[in-house]
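This document opens with one chain alone, in structure tokens, the form predicted on its own.
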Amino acid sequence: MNASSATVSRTLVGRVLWYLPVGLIVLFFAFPLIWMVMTALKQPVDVFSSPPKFVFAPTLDNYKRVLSSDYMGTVGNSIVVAVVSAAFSIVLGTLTAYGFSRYTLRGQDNLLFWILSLRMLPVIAVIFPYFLLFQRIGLTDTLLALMLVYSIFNISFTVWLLKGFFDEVPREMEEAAKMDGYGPWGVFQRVALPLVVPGIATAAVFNIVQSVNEFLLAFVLTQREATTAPVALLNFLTPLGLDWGGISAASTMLVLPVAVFAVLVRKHLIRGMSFGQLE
């Protein structure tokens, strides 16, 4: 074997040793989604087959049943609540994070920790007070109630994430903008904000995912009109057992919009998750 062949072999082995673990990790995390889609395309007899069938005749009956039910309305509720609460959280969280990054406040560290503690607070600890509050002001079973509650939890995460991004923006760039005649709002809008777009995209994805997946608050604060998709999945629990085909098809329809959004902002998302280090 000549030198060039040996080099090619070593390169090939190196690539295999690199991509094989990566492929196994991706398969491990993607397997639940793959299994969910497969179950949604199976007939009931294939769903309960033992050993599990990986080769079967696919069917769209489960999707047809879901589309003909009231479930799609709850998916719409979930999307509306997630998008509005995420947008509200990002607007307030971005402004708050910039303020913490550029201005020194008395007790700033304690205030930041208090904001973070809102995100760590167990939902079960506040769900009863929230229920009484919204019942008193007439907001139970409304999308507005869920938007407000989800925003409270999402703002804390947004502030902590974006503060780190704003801290990385060179102050010299802002000083130069001030010398060019820009005021505080102009400096923020034209200099700082464009540089933290990856962080904003990351916060948007995480906020939307959190809101779409949330179950307990939606289960307690809604009854009929504002029911979200995670709560509506309980309808697939029948006296005969759990409708695995139907719940898999419904879950696929719930995951799909979030997955599409994540793909659309994937470049910003990757940079955001690496705190802007990847260009």
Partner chain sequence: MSTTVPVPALETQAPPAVSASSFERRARWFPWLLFGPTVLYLLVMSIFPLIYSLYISLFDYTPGINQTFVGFDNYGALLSDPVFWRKAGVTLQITVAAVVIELGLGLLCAMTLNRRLPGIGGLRLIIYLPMMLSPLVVGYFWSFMLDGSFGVINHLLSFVGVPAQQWTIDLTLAKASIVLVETWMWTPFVILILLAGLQSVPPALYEAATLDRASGWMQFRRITLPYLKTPILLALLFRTIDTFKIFDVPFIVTKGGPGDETETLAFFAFREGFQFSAIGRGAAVAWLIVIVINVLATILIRMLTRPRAQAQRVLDEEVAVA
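Positions refer to the first chain, counted from 1. Here the structure is a predicted model, which is why all the values come from computation and not from measurement.
Heads up, the form predicted together with its partner chain isn't pictured, but that's what we're talking about next.
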- Task: State yes or no: in the predicted complex, is some non-hydrogen atom of L242 no more than 4.5 angstroms from a non-hydrogen atom of its partner chain?
- Result: yes
* Any non-hydrogen atom of V66 within 4.5 angstroms of its partner chain in the predicted complex -> no
Query raised in the report: Taking 4.5 angstroms as the cut-off for heavy atoms, does L41 touch its partner chain in the predicted complex?
Result: no
Distance check, Q223 to its partner chain in the predicted complex, heavy atom within 4.5 Å
no
Those residues of 29 to 56 with a non-hydrogen atom no more than 4.5 Å from its partner chain in the predicted complex are F29, A30, F31, P32, L33, W35, M36, T39, V47, F48, S49, S50, P51, P52, F54
